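As structure tokens, one chain now follows by itself in the form predicted alone.
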């Protein structure tokens, strides 16, 4: 099974070879490191930028407007905040030029908690990202989606923010979540993972043949069918929610689990169909619970599906604190854990209209 980091690396390689990617760059993105999570290891167009997020985004915009196809990395989403005005500029490019100019760039950035990153390496950026009109915003939860969404991002004429869950970088997914045609784990590791010892000066990746796979933006995935409660999530909470669903199934609560995959656009039709089926819904993510993207979804459910509901829609989200603490107990208290979600689903399932 492929890891998410390897899936992104494979997609970027395919992008270089078949879909016109001209530059992959950011802090430590090129040799020798290949990114802090190794997502860009061995790629021929990868190069290192200065330690300057504004310079990275500004360069990407310039390259895109000059006819190139850049993929730029902000090393951690925590450091995307000082680029907001430039991100807004890129998102507005097509609209403000009356359709004359596109800005075809990809900005990828690791996001979220789960790696004991403390104050400066644990932020989520998804709510802020959805406040940037003109951007496509995606967050995969498994290797297949990471691969297919990245290839769609590379071909997209508008700017795409590709957020990668930090906690899932080494996640290999479940059955059916691997890249079609990928070799077995040991073989793939030997082919594209840079050795950690010995002389690495002459190392080069040996790329397997993997197919074009384009996962459309705005198309959610039903991870698990259920009848009692709908859970809508994305990113690493898909994995956490799957564990919660299994636990509740032993209690007789049958949960339907939806992975949004894409936040802009998002699949309202899939949410509405599921809520009309189960009549109960819980949204979960690790962003701060104030002005959370899930709050928008709760509001829309109430506005458009009020008479379908047997229980109030609920949001399980991160605590409104200045940062995620380094110690395990502080991090666990800051972002939703499996027990938090189990409790919310259980209470929603028991609620009587």
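Just so it is clear, the model here is predicted, and its values are computed rather than measured. Residue numbers count along the first chain shown, from 1.
Omitted from view is the form predicted together with a further copy of the same chain, to which the following refers.
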Taking 4.5 Å between heavy atoms as the contact cutoff, choose which of 188, 272, 215, 89 touches a further copy of the same chain in the model of the complex. 89
Is there any non-hydrogen atom of residue 84 lying within 4.5 Å of a further copy of the same chain in the model of the complex? yes
Answer yes if any heavy atom of residue 227 is within 4.5 Å of a heavy atom of a further copy of the same chain in the model of the complex; otherwise answer no. no
Touches a further copy of the same chain in the model of the complex: residue 44 (any heavy atom, 4.5 Å): no
Quick one: is residue 195 in contact with a further copy of the same chain in the model of the complex, heavy atoms, 4.5 Å cut-off? no
The chain here is shown without a further copy of the same chain. Which stretch in 124-132, 178-186, 207-215, 243-251 comes within 4.5 angstroms of it in the model of the complex, by heavy atom distance? 124-132
For the three residues 148, 344 and 349, verify that every one has a non-hydrogen atom within 4.5 Å of a further copy of the same chain in the model of the complex; reply yes or no. no
Using a 4.5 Å cut-off on heavy atoms, which residues of 269-306 contact a further copy of the same chain in the model of the complex? 287, 288, 289, 290, 291, 292, 293, 295, 296, 298, 299, 302, 303, 306
